[in-house]
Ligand code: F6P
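In structure tokens, the next block holds one chain alone, the form predicted on its own.
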């Protein structure tokens, strides 16, 4: 049996530790291992190379993914998916590990339904929005990057009579925003999952300003599309001069934290063990209530991630 690993979609800290563990662990199982470069595009273009220890030496501390990633429009066409499968067959690859998010898993669900593919996905996205898992690779590192930025911004905010609005990533999920708001003591948090009550929060903030508050910190998830509206509201309604900081792609970078490295190891071992024990299975490794499990790919891509109720309850305290 030959095994391969690839990254797909947005990069996430923790991908490199997963790649290293994949190579090291598969070698210990005396399996041939391959690295697929440039994601789905590389799979189509046969950028598949045998892996050696040298390829993964010294990568644990690096963010991003050494095998690079991509999003592929070509993969939507059957002829290119067939070409990708033939490339895997030409190398004798019978098991594939994919580091990716929801879009990547949907592509793999389609791919595995058409061809005899033994596939295991590892949730890897800083948005932490994959159905069925409490944790995705990269989220802890991203939260620490955001925490560092917020601590520095609050230093400046408290030195002036200003509000600072910080936009964080989160296409459809407010996980990064709500956790960042909780650990930074933000006065405002706007996420896609709940409707922001401008009137109620405004009454609270104006009362606090009248009682001496001279600065505020607001966290807005990019998925709400409300950054401009919240900025105008803070200035015109609350009466605080407001600066906007969009953290952007710095949230995807940085050295993986201890937790992301350890989680990468555990996710990868579970994935490889499953591939070695099953010849025709399409699963995603998930982390639920402190345990690693495997879910059917179809269940993962058909579900919708929901923020834990404890976080939704926490944001109500800011009303």
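Numbering follows the first chain given and starts at 1. Computed from a predicted model, the values in this text were never measured in an experiment.
Note that the form predicted together with the ligand isn't included here; everything after this is about it.
**Q** Can you work out which of 206, 74, 171, 89 has a heavy atom no more than 4.5 Å from the ligand in the model of the complex?
**A** For this set of options, the contacting one is 171.
**Q** Between the options 221, 180, 104, 125, which residue brings a heavy atom to within 4.5 Å of the ligand in the model of the complex?
**A** Filtering the options by heavy-atom distance leaves 125.
**Q** Considering the ligand in the model of the complex, find the one stretch among 141-149, 77-85, 209-217, 245-253 with heavy atoms no farther than 4.5 Å from it.
**A** The contacting stretch here is 245-253.
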